[in-house]
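Here's a solo chain for you in structure tokens, the form predicted on its own.
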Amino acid sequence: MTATTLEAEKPQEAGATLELFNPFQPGFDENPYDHYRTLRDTNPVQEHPMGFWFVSRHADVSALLRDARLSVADHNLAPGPMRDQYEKLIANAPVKLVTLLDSDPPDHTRLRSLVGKVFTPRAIAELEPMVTELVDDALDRIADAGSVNLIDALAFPLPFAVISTMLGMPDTDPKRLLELTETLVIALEPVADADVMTSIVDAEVELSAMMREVIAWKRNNPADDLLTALIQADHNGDFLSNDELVAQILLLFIAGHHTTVNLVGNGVTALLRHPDQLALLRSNPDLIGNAVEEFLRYDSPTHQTRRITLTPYQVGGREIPAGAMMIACLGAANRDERAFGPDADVLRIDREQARHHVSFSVGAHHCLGSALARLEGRVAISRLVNRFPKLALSGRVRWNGRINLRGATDVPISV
């Protein structure tokens, strides 16, 4: 049986209870994938009582991510719980920043054309020696310690250092910058607590002010770095404004940082839990590129993204009204046996279809920094497993409890 033939489904039995997406059920933090499988099989396109639509099958998720008729701008939401939450956020936010994540054409097209001039394949490839040096320094410290939490020792500091170095950041308070970005990243999760929302807004205000100072300094001190390139990026005489520069830098520090943390942390965890795949990678080191794609598929660093309907929209045999929030579940789509075959829940670093994952989205909103995350993941994981032949888990892996940017916070290893 091929993956495509699995599209035929048994009809839902009359009177059967349709399960709803519930990230608060016991065990979800450790393993959301059993729940995702149930949703895909029984209720793949569902109208949720919380006011959004939830889509979980790969074909449906992939199609809606590619559909240019859909929006990512929250002001297109119809009146309801999602619109109320958006208006409350806007009302409390003195800083109005627009990133590639929440803009539609023509604004998105313009922003992407300018930022894309900097994130070229050649520019990313040139970062490999710097990434390798940072990784090797971290591995030296791990060797000296013998036993560490992989997240603290490598996965978390690496992308933060890479982003800071490639931007050419001047002397700032790195500890405070990290604290603020850690607060702001919570905005990518469902937030209902008013105090938490206030802390997010405060962090955005302080970070924005910090970045404006950095940009002003960089205009007077240009160098061969990413921030100078962003400032000077020119598209037919058009340049990024100060607000746009601030927004893209914050996006890089927030989404770009945590995506790579989760790729490295989740990827190494998966590999150490599958000794046969670890042995396969060591015996075939050229598999590392495909292995990174399989890590991205098997335990996605980002589990959800959103689209908003502008007109009634058909997906999975359901019609979704205009102005509705659709949650595309990337984590569920990446484990769909209809796309990846009956062993979709198995880690296979030589999987031929691994690159069909949707972890970095697809279409016009495909992640512009995906090549950088792949580079960091490839260098970090390959050098880790090759440096330490006795690498092993030495304790329980703990997870961060997030619904969207789900990742490990503790990966105890011994070398």
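The first residue of the shown sequence is 1; numbering continues from there. What you see is a predicted model, and the numbers here were worked out from it, not measured in a lab.
The same protein also has a form predicted together with a small molecule, omitted here; what follows describes it.
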Using heavy atoms only and a 4.5 Å cut-off, determine which of R112, H235, H274, R83 is in contact with the small molecule in the predicted complex.
-> R112
Could you tell me which one of V385, C367, L347, A63 places a heavy atom within 4.5 Å of the small molecule in the predicted complex?
-> C367
In contact with the small molecule in the predicted complex (heavy atoms, 4.5 Å), from 318 to 326, 138 to 146, 282 to 290, 304 to 312, is stretch 304 to 312
Is L39 close enough to touch the small molecule in the predicted complex, meaning at least one heavy atom pair within 4.5 Å?
-> no
Would G256 count as a contact of the small molecule in the predicted complex, using a 4.5 angstroms cut-off between non-hydrogen atoms?
-> yes
Give a yes/no on whether L227 approaches the small molecule to within 4.5 Å in the predicted complex, heavy atoms considered.
-> no
Can A380 be called a contact residue for the small molecule in the predicted complex at 4.5 Å between heavy atoms?
-> no
Every residue of V268, Y298 and W399 near the small molecule in the predicted complex, heavy atom within 4.5 Å = no
